[in-house]
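Given as structure tokens, the chain that follows is alone and in the form predicted alone.
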């Protein structure tokens, strides 16, 4: 049989590997600064771009899409060529993919620092960047499928299955969640509102973790762990079961992020059931990875690459056991809105994603540079420093989370809440300090790796075009004896794409469609009215400053929450919220019933210097809100966008909106003046006060009306 000679493209692999390291450092340093701000709010430097609310989404996007994203692409570009015995389909598409992704990362960082955010967790990027992501993702898909279709190997190894499912599912999630109405070159409103927006967002958010941080990394595990151990995967049959069960079940689990909220009970229960089912395929994959090392434990003791991968797979097992555990309602009642969830997420991010990335880089970089790793001893040091960093990061947060939940729920013998919310924050500051020490250790390990890899690169020379040879793929593939079903589909990448899409789409459709089409899922409340133009401007400022990253707007039906915040939240309250603002973490108290609780001057002073109103507060200062002006030129466009989304503003209201805005603003200005506070009527703080004074007021009006009717 004729043998063809060709060359693997290592230059693109190198570029993505370098970007992985660069953005990993940037994202982790941003995370370290975020961690320090929990006990040292002055670390925001009274500078808008570095406050927690703006820096936190920079950190999460940098770690998820820049660090892990580039790691995934580096690993896929390296492994796919060798599994297909073919060079990547197009060098030009590879370059467009690399540089397009890096430009998206830079644009994301700049816009988030400037406060341009959709306010939707893990999907904060605004509409022009969403479009760019879609285009670059299509480029990646064409390049990947072009390589698969021109392969010289008939067998599609299971790692490629995970790559295919990743591509098609991430595309579906991104497109559905990114439907929005732009009203300016860099701002938009979510197409969905309230309960529906929350369901779509966490269908996306949970499955972004599933299909961006898990399935492609599992593909890397299935390639790089056997390679590093020089052993075949423990069970190919188990890997097949792992794949199909995982992609079908995972897509249903998103609603477990919304337990005890205003989401319909049937959707919450559905999310819980499928989350519990996830344990089986997830642990099947974990055990398949660990059992691959059977008989190779002596090598694990000596090889830092395998050390990283063993801990990574173990952390994957821990996270995928804890996730279903947290989806149980009795456990979720304790964990949700606390630091327990943050600890859980970081076990996955630092242990699973981070350690797979480090192990892959230590194995791959020497090979594409035709040399040996500079120092196994330094790599081992990195391993132990990083492992200690994970432990010191996660354990204090587990402790903090459980402490928060218990303190929130305690009552005195007289039936009063035992602790003020601020007490529950200051009590756990020692845990926050320890967490930041763990983060510092973890980042220090990365710098050790950088030194080791730089020395490795200098000792070799990039093999940009690595020579290889293989026989061409025969036009007709002969089979001998009985052929299992998976062998047929392994030769059909297009069918694999279609079946994967159908499987993941089923769960999404059956969860989302009833919530949108069955009106009884979102009963209306007559007293709930659209925001005034000033309140709408204030809400956008609230989102711009990232207030949703610390404050929830969702009172759950628990005795302690009703006693602390007021009447529990109803689905009909949020019908005009584009996007929803339920939040996922309470570093500060819930704000769902904040309207009318304090005078305007309290909010003004609280935003200028929180410690004057709440001594011991860890909230940063927002002095620029007192000087920055509302962009009233955008008010008509905002009103028109909301009208397009179905908000019942009168016809032509956009033309009179600014007049009403200034009338309401002048009232707040006069209220502040009574308390000896001078401010301009068009200052951003005035709009923010208007919004905060509105939150929860409509539902209070409904309750008053019900009481009056009873009388």
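It should be emphasised that the depicted structure is a prediction, and the values quoted were computed from it without experimental measurement. Positions refer to the first chain, counted from 1.
There is another form of the same protein, the form predicted together with a small molecule; it is not shown, and what comes next is about it.
Contact between residue 53 and the small molecule in the model of the complex is found at the 4.5 Å heavy atom cutoff. Interface residue remark: residue 600 is not counted as part of the site for the small molecule in the model of the complex, having no heavy atom within 4.5 Å. Within 4.5 Å of any heavy atom of the small molecule in the model of the complex lies no heavy atom of residue 141. At a distance threshold of 4.5 angstroms between non-hydrogen atoms, residue 589 is in contact with the small molecule in the model of the complex.
Only one listed stretch (548-556, 150-158, 108-116, 349-357) carries heavy atoms within 4.5 Å of the small molecule in the model of the complex, and that stretch is 548-556.
For the three marked residues, 422, 594 and 619, a heavy atom of each sits within 4.5 Å of the small molecule in the model of the complex.
A heavy atom within 4.5 Å of the small molecule in the model of the complex is found for exactly one of 607, 251, 199, 379: 607. In terms of contact with the small molecule in the model of the complex, the residue from 527, 314, 584, 614 that brings a heavy atom within 4.5 Å is 614.
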